[in-house]
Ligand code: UDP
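Consider the single chain below, provided in C-alpha cells and representing the form predicted alone.
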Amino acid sequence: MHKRKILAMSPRKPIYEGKAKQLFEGPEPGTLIQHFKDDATAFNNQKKGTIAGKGVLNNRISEYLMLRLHEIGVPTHFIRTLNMREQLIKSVQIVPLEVIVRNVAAGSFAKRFGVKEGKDLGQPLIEYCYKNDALGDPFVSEEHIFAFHWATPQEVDEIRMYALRINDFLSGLFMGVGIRLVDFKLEFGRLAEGDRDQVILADEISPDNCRLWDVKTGKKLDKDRFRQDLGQVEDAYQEVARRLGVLPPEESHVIAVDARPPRQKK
C-alpha cells in the first residue's frame, strides 16, 4: 500500500496587521490577501472586544459594495473574494488620510459642534484626518495635506470627487433597503498606471466604518452598538447583510467560519 504524501502548506508572509484586518503577501506580484478579523476597537483602541462573525459579514458586505461601486466607474483595490474571510486585493500605496463624509450630525462631530445627534447637514460635509494612531488621527485641513506632502492638489481633487460620488451612490443604495447612511470613512491608495499614479478606493466599506440607521426606527445598525454598549451588535451587522442580500436566510443565525486565522511562524 502506498502512503499518501502530505504536503505542508507554506506560511504566508504577513505584511501588516490593523485593528480589524490583516494583510498578507498575495499569490501574484502586485497583490495582497486581506483577512477580516472579528476584533473590534473603539475610542482610539481604548475599548477592545470581539463581535462574533463580524469578519465574515464585513467581507461579504464590502465585496458587494466594492463591486457595485466598480459598476459606476469608481476604481477600487478589490479583485475577488477568496473565502469566507479573505479577499484578493491590489497592492497600493496608502494615502495617509482618513476621508470622512457626513450627511447627518452624529458621534464626536455632534459633540464637537454642540448640535443634536440626527441633525441633517443639508449637504455632504467632508473632513480629513491624518492617519496616525499614535497621534490620535488628528483632523487636518487641505493646507496641512499639501504642506506635509501627504497628497497633491490633483489627488485631493480626485479623492473629493470620488468621496462625493460614493456618498451619492451609497446613500441611494442604502435608502432603498430602509437604511440611512449617516456618515462613513474612506481610505484611498495610489496604484501605478503608466507614467502616473492612479487614485483608487482601498480598505473596506462595512458597518465598521459607516454609521447606518434604520429609516423607520432610528435603530443603529453599525459599530456604534459596540462603542455605546447598546447590545445586539452581531444582529445589527447581520441585519445590514440581510437587507443588502448578501446573507442567505439559512445563515441568519449561524455564520459558518471556514477561514481560520492563518498560522504564524513560531
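All figures in this text were calculated on a predicted structure; none of them were measured in a lab. We number the residues from 1 along the sequence you see.
This next part talks about the form predicted in complex with this ligand, which is not shown.
Of the heavy atoms in K185, some are within 4.5 Å of this ligand in the model of the complex. Remark: R227 counts among the residues lining this ligand in the model of the complex, judged by a heavy atom distance of 4.5 Å or less. In the model of the complex, none of the heavy atoms of V177 sits within 4.5 Å of a heavy atom of this ligand.
Not displayed here, this ligand is approached by R211 to within 4.5 Å at the level of heavy atoms in the model of the complex. Partner contacts here mean any heavy atom within 4.5 Å of this ligand in the model of the complex, and among 105-113, 160-168, 75-83, 143-151 they occur only in 105-113. For the candidate set L121, I100, L191, I94, a heavy atom within 4.5 Å of this ligand in the model of the complex is found for exactly one residue, namely I100.
Using a 4.5 Å cut-off on any heavy atom, the one residue of 123-160 that reaches this ligand in the model of the complex is D137.
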